[in-house]
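What follows is a single chain, given as structure tokens, in the form predicted alone.
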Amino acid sequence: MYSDHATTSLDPVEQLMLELVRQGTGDVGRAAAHHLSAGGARIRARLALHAGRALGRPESESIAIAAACELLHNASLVHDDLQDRDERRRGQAAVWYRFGDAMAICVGDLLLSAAYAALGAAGAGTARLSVRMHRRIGEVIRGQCADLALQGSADVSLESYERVASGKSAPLLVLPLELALTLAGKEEAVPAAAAAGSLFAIGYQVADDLQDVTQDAAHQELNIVSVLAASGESDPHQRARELAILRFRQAHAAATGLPSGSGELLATQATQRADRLSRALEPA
């Protein structure tokens, strides 16, 4: 039975992240702490903590990979905000908007470096984990570049959209599960975790696009509603909701098959999101 005890035990993760970005870094560290102070769902940290416990790993390992994954994710957010010129992040000024472009680049780099430092606390398996983390970072960068290349394009297929959506978000959703599975000697389950993460990422991006249709159109950013409308869908909003629900349901099925219940948090998150979208489709 799934129990999200990880929700109530994020304090050591938050403490480790702040310690790493503040150590001798001056203004850049303070700007990084400003970004981290905005909080967020910390879903990647929660996935790492839950998977580590489900697989019987030491708490110190789980905290290390949780902090590493969250630091990577936040590095990508700082750089995304800079590229997209988004002025707000989680209700407060984005780093580039408050501190300037150059500082935002430095903050993103600091968070990225801190992620590898956090991983160093995972013990003897750190070398293997570092290689896996590097590969996932490369996938995220490739996905982000593909997304930028499609901005303003009027001819994007659904297949291309899903490939970009997965490429941008799935690697860092998969990573906490991948690292926990690797430490537990369950590398054979990583492809299944990657499949679950990819499906979840697509559902998440579609749901996010549904909230940002007007804003994305104004900035000529890739959005599922415009993709479906261009393909001839008569009701692209409803079709997008149905697609997100389908991908979340598929993610749930894939995640529940991971060893020792290590994917149950991802499965639960997928079901909750699918249920919310299903209620939005119900007639008033």
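Here the structure is a predicted model, which means the values were calculated and not measured. Numbering starts at 1 and follows the sequence shown.
Keep in mind that the form predicted in complex with another copy of the chain is missing from the display, and what follows is about it.
This chain is drawn without another copy of the chain; in the predicted bound form, the residue among L82, L172, A184, A195 with a heavy atom within 4.5 Å of it is L82.
Scanning L150, V190, A93, I105 against another copy of the chain in the predicted bound form with a 4.5 Å heavy atom cut-off leaves one residue, I105. Contact check for Q23, L112 and G120: all three have a heavy atom within 4.5 Å of another copy of the chain in the predicted bound form. Under a 4.5 angstroms non-hydrogen atom cutoff, another copy of the chain in the predicted bound form lacks Y97 among its neighbouring residues.
Although the partner is absent here, A154 is not a contact residue: none of its heavy atoms lies within 4.5 angstroms of another copy of the chain in the predicted bound form. Though the partner is left out of this view, R88 does not reach within 4.5 Å of another copy of the chain in the predicted bound form, counting heavy atoms only.
In the predicted bound form, T126 approaches another copy of the chain with a heavy atom inside 4.5 Å. With another copy of the chain omitted here, the record of contacts in the predicted bound form names 129-137 of 202-210, 163-171, 176-184, 129-137, defined by a heavy atom within 4.5 Å.
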